[in-house]
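The chain below stands alone, shown as structure tokens; this is the form predicted alone.
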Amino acid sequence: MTNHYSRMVYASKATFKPFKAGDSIDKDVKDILTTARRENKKNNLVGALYYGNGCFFQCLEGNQQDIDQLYAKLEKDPRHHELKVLSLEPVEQRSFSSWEMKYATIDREVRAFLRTHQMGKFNPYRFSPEMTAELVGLLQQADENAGEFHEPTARQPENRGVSMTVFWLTNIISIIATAIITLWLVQA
């Protein structure tokens, strides 16, 4: 069977300072998510993003040409630097099929993952290929258990009123909770 899709996983470091206590939301992370969702939808890509300890871990799935074009844009994005491809492989089907870009708030799972691998802080630059595959598996599990681990995505209803209010409040709460946990992990 011919593989039609590719999966690329990369790490990068944020150029902005992590969330500060007293701020209502990390605007930079929100802006990155908004851009990622828009670009991925436009380019028929799906994936997941995890942010911790000032580092991004992103998994993208789609046609290789579309991934390459997006990666070229990402290399020029001033909001992060030191991009490093952790894995690139063909896949028979996309495993994040319902997400343009899921922002994974799986901090409890990541802390357990880090403990298992004797890592004190989230640093995807030190991941082995097996660790990268394991974290992708956690992100895929979060996709399967959609309501448990992530904030709503761009596929939420775009009508005005109560549903949008709930959508944005959930986004804000999710990002704030992630930022607080990230601060806690950095200080731990």
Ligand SMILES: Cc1cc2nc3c(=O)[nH]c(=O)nc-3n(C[C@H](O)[C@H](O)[C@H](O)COP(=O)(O)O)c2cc1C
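Please read these numbers as outputs of a predicted model, since none were measured by experiment. Quick note: we count residues from 1 along the sequence shown, nothing fancier.
Keep in mind the form predicted together with the ligand is missing from the figure; the text below concerns it.
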Original post:
Given that the partner is absent here, does Glu89 sit within 4.5 Å of the ligand in the predicted bound form, heavy atoms only?
Top reply: no
Original post:
Given that the partner is absent here, does Phe127 sit within 4.5 Å of the ligand in the predicted bound form, heavy atoms only?
Top reply: no
Subject >> Leu135: touches the ligand in the predicted bound form, heavy atom cutoff 4.5 angstroms >> reply: no
Original post:
Using heavy atoms and a 4.5 Å limit, would one call Ala142 a contact residue for the ligand in the predicted bound form?
Top reply: no
Original post:
Is it the case that Thr35, Leu70 and Asp77 all touch the ligand in the predicted bound form, with a non-hydrogen atom of each within 4.5 angstroms?
Top reply: yes
**OP:** Would you mind checking 43 to 62 for residues with a heavy atom within 4.5 Å of the ligand in the predicted bound form?
**Re:** Leu49, Phe56, Gln58, Leu60
